[in-house]
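Below you will find one chain, with nothing else, as structure tokens; this is the form predicted on its own, and questions on how it binds or moves follow later.
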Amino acid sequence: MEKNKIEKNTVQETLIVPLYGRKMCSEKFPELYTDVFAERLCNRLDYDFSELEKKKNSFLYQFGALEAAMRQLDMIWEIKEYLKKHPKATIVNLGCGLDETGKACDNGLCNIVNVDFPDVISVRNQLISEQNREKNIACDLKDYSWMEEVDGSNGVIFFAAGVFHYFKKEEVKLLVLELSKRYSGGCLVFDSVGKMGLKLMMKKILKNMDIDDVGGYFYVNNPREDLNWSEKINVNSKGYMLGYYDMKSPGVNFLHRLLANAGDKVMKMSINRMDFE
């Protein structure tokens, strides 16, 4: 089988790192998490994984991979819950990258939409084939024209994993209010961190962008208060690392769980669900 070549310092490479993290997590903690799509895709890539391989036994790298895995498991849990009541709903992956969460939730009736920047969708189209009832939309999330292509008539659940940290607070609010206006009966699920968590997480990124303060960026210290944007939106929130699963699984040690608890309580890492009336 011919492999797809991934060059260094390209858009493709930035998408490979989280993909590899999910693959590694599947190998390291198989009883907690599996991602057959990540493993399958990594096996099809012509890319030097040696630098990532060197890191994979380090405690912090493992925790970072666990973090990505728990976020995806939480999203999957919420999507499947929504599909129980709306089996023909549309699942919309906002800022999809090379993530295939939609396929992991496919019940054979739902539709799947993946939205991301045109250069990202171009890479996705090269590496991942669309299945039946699935389509990719190349668009900036802040350009609401992509919403014209999303059918919410049988229900719709939007999810954004690791995306809104890069938005300004007002941008997230405007996006949520627009979705609530267009998609009555739909819902949005996304992860967030508190201000301290955002400072730690974004430190290197913001430095590269010559930004000193995270003040204008999206963070959530108290979901019920900070996300109280409309009487027509119901907000529920759970801890990101331990809110859905206790992580008591082979390979996940006491220190991993201790750090996970600190992540939820100190860094305010949350999964937020907003239901639109």
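Counting begins at 1, following the sequence as shown. Throughout, rigid core stands for the largest set of C-alpha atoms superposing within 1.5 Å between the two forms. These numbers were taken from a predicted model, which means no experiment stands behind them.
Another form, the form predicted together with a small molecule, is not on view; read the next lines as being about it.
Not one of G155, G185 and M274 comes within 4.5 Å of the small molecule in the model of the complex, counting any heavy atom.
With the partner left out here, the small molecule still marks one of 127-135, 92-100, 176-184, 106-114 in the model of the complex; by a 4.5 Å heavy atom cut-off that stretch is 92-100.
For T14, a non-hydrogen atom is located within 4.5 Å of the small molecule in the model of the complex, even though that partner is not displayed. Within 4.5 Å of any heavy atom of the small molecule in the model of the complex lies no heavy atom of G21. Heavy atoms of R71 reach within 4.5 Å of the small molecule in the model of the complex, making it an interface residue.
By the criterion of a heavy atom within 4.5 Å, Y166 is counted among the residues contacting the small molecule in the model of the complex.
Of the candidates V189, L198, V150, V120, V120 is the one whose heavy atoms come within 4.5 Å of the small molecule in the model of the complex; the others do not. With the partner omitted from this view, the residue of L83, V172, L141, V193 that lies near the small molecule in the model of the complex is L141 [heavy atom within 4.5 Å]. Comparing the forms between this form and the one not shown, the C-alpha position of G263 differs by less than 2 angstroms, with the core used for superposition. After superposition on the rigid core, the Cα of L41 moves by 2 Å or more between this form and the one not shown. Relative to this form, in the model of the complex the C-alpha atoms of V11 and S129 separate from one another by 3 angstroms or more. In the model of the complex, the separation between the C-alpha atoms of V11 and E130 grows by 3 Å or more relative to the displayed form.
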